[in-house]
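So here's one chain in two forms, each on its own in C-alpha cells, numbered structure 1 and structure 2.
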Structure 1
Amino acid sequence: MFDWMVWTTPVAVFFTSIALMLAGMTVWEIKSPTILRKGFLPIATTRGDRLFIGLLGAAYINLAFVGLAGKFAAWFQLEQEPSVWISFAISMVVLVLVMRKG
C-alpha cells in the first residue's frame, strides 16, 4: 500500500513526531483551554496557532535542507551530503522556540 513512499527512518520519525504533537495538543486543549497571548510573532496566538506556525517552519526548514544538502557538501567539501537528522534537530528547536516564545 505504501510502496510508493520512501519511508526512511528520519522521515518516519518526523511524521510520527507530528502525529504525537497533534494528539498531545488535543489532550492539552481539552484539559486546559488556551487563551490568546502575544509573543514575538506579530499576532496574538493560541497554542494551536503557534503549533501550526511552528510545523510550517519545520517543514520549510526540512525542505530547504534537503534541497541544499548537495550544495552544503560542495561548499564545506564534505565526502557525502549531511544527514537529515541535522535538519530535524534544527526544526524541532525552531518549533520549541515558537511554542514557548511565539
Structure 2
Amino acid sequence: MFDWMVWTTPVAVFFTSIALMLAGMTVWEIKSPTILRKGFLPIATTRGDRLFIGLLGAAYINLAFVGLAGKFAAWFQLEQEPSVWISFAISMVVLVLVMRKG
C-alpha cells in the first residue's frame, strides 16, 4: 500500500517512537501537570521543554558522532569506525539526564 513512497521499517520505528513519546507526554500531563523548574540547564523548563531539548541534543550528538567517527577510529586505532549504536546509547543517556535533572 505504501510501497510507492518507499517507506522503510527503521523510519517507521523512529516515528512510531516519537508518536508514542508525544502520546505518553500528553497522558502524563493530564495525570499530573508539569511544574516549571530550574535544573542544570540555564533556563527554567517544563517537562515538554526538556523533552524537546533532550531530543534536539540527541540529534546533535548522533550527527557529531558520525562526523567524527573517522577521527575516533584513527585516535583509538580501531579497525573500523565505531558503530552508531554507541552514539545512540549516549544520546539516550543524555535524553534521560535532561528529562530528570535538566
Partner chain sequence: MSTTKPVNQKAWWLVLPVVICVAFSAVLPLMTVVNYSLQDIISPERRVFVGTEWFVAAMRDEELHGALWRQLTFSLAVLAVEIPLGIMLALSMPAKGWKASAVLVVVSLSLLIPWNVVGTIWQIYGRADIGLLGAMLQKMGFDYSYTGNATHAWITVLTMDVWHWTPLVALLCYAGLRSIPDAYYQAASIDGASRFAVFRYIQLPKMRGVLMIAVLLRFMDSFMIYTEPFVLTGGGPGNATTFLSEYLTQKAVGQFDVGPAAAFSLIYFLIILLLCFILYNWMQRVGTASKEGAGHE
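Reference numbering: structure 1, starting with residue 1. Predicted model only: the values in this text are computed from it and were never measured. Take the two forms, superpose them, and find the largest set of C-alpha atoms that agree within 1.5 Å; that set is the rigid core.
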(request) Please match the form predicted in complex with its partner chain to structure 1 or structure 2. (result) 2
(message) If the two forms are fitted on the core, does T46 show a Cα displacement reaching 2 angstroms between the two structures?
(response) no
